[in-house]
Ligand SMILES: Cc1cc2nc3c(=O)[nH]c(=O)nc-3n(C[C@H](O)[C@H](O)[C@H](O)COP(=O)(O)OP(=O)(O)OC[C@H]3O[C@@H](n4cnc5c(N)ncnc54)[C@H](O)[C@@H]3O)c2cc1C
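In the form predicted on its own, a lone chain appears below as structure tokens.
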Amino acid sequence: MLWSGWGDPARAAELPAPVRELLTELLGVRPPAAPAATFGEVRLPPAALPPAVLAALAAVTGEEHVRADDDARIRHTRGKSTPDLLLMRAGDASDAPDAVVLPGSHEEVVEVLRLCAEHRVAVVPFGGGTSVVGGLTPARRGYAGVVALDLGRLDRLRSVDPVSMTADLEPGLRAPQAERLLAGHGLTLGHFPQSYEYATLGGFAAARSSGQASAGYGRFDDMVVGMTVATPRGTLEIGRAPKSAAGPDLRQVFLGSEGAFGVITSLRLRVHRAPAVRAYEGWRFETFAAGTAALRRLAQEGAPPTVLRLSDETETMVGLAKPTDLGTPGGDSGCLVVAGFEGAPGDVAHRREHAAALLVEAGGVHLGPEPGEKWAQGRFSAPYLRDSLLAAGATVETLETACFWADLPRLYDAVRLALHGALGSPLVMCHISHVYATGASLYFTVVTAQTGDPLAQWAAAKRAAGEAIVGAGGTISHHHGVGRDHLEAYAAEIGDLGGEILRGIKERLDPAGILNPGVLIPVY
């Protein structure tokens, strides 16, 4: 993972000439005044962790699994939000952990947490480092130091139950690794978010991730039927059955907890037969409203596609739904729907026929397989595009929300209006990428010319968008989590009593407050 950007540096690409021209003419984008910092120019604070604590940690995991070198500290600094990347590109690693600890077992995680609680050392659970909401930037004040608890050594497929269709996997597995291991048993998770190539299973659970095929396979939190969690108070084994009436479901305490309540050390996940057929296609609607109505019918009338997403007019025109074609002259008009079908041949044929009849009746025009296949080909490429835009002098970031269908038009308009009010004349694009019988998500991409202080520029826009989301009845996050960036809006969403409940759970499981301090828990 590139320390100051996304993914594999070899896959970074320059912006096509038409895109550079559009940025200049439409948005007034100019190259940054200074080049991005090199790795050797990164400013690291001195490590603050007491030597005695480092030695105690090394005694638990082995010396080779406790790292305090510059490379490890820099690569475990922050996540991958635009503010995170702007700081790293400026050479600012002031939030770097003092050390990186790589436990090799659940027992080692428990002991590391015990030691850190004893010495008041903050612990940031670290998977793929893909957080885009400030979820890897702890509060340091009042702590003897900060360690990043890298779970990369917990990377096994522990067992498969083909009768129950579940698998036990460890949290440090990156999604492609998990898919390869399950493929050996003819299985799949079916979880393919945009972060798929680098994110981990533990991160998916801790942030309530939702993959691009959620219409067919469900969200990641729907897949979790059991888990083992290490806390400073000890171990929890959760999930004796698929569903239970034995009180509140404690799985829900840790799903979405972002490492603030405990560290997930194993997951029992629902799995699926690997699909025999994958078919992707495109449809065109005249307007976003018409396409939205069609998606709602598909979600509510049964047998929806596995992948179902709708780009608004601006996203369709720019071509962001097909990143590999971005900048190609002659942009599409209307709104693009991508529908993907995965499964057994008969099931895929039935669902395609059902969807086609409904989409035609709703006014859709079939575009054939090419748009869907182009989207599938470039589905993990957009984060690389963001790096190129930042390098060109544009501020570019995403934000997402969800609401009930009845509120969706108002929410769509409110967020776009707020972003335009905060940024002047930005390029604002949106798509629906996750649908339910009762509602859907909205995922916005914003591009504007960088000011002299792009961090303050985006902070103002983010604040305005968050207020618009809360005011229009949306949730502050559908699948990115809360982190630090959404704390204020999240507090408004759950209210004072909701915040007290979260603080009560935190105090009981983590009395010393060492687990990812400053993240998720509202402070009043």
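Each residue number is its position in the shown sequence, starting from 1. All values derive from a computational prediction rather than experimental measurement.
One more form of this protein should be noted, the form predicted in complex with the ligand, which is absent from this view; the next part is about it.
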Given that the partner is absent here, does A206 sit within 4.5 Å of the ligand in the model of the complex, heavy atoms only? yes
Would T166 count as a contact of the ligand in the model of the complex, using a 4.5 angstroms cut-off between non-hydrogen atoms? no
Within 4.5 Å, heavy atoms only: does H480 come near the ligand in the model of the complex? yes
Quick one: is P383 in contact with the ligand in the model of the complex, heavy atoms, 4.5 Å cut-off? yes
Which listed residue (T77, T448, T130, T316) meets the criterion of a heavy atom within 4.5 Å of the ligand in the model of the complex? T130
Using a 4.5 Å heavy atom cut-off, which residue among E258, D387, E342, E281 comes into contact with the ligand in the model of the complex? E258
Per contact check vs the ligand in the model of the complex (non-hydrogen atom within 4.5 angstroms), the hit among 412-420, 135-143, 285-293, 348-356 is 135-143
Is it the case that S4, G91 and T395 all touch the ligand in the model of the complex, with a non-hydrogen atom of each within 4.5 angstroms? no
Select from 254-292 the residues with a non-hydrogen atom within 4.5 Å of the ligand in the model of the complex and write them out in sequence order. E258, G259, G262, V263, I264
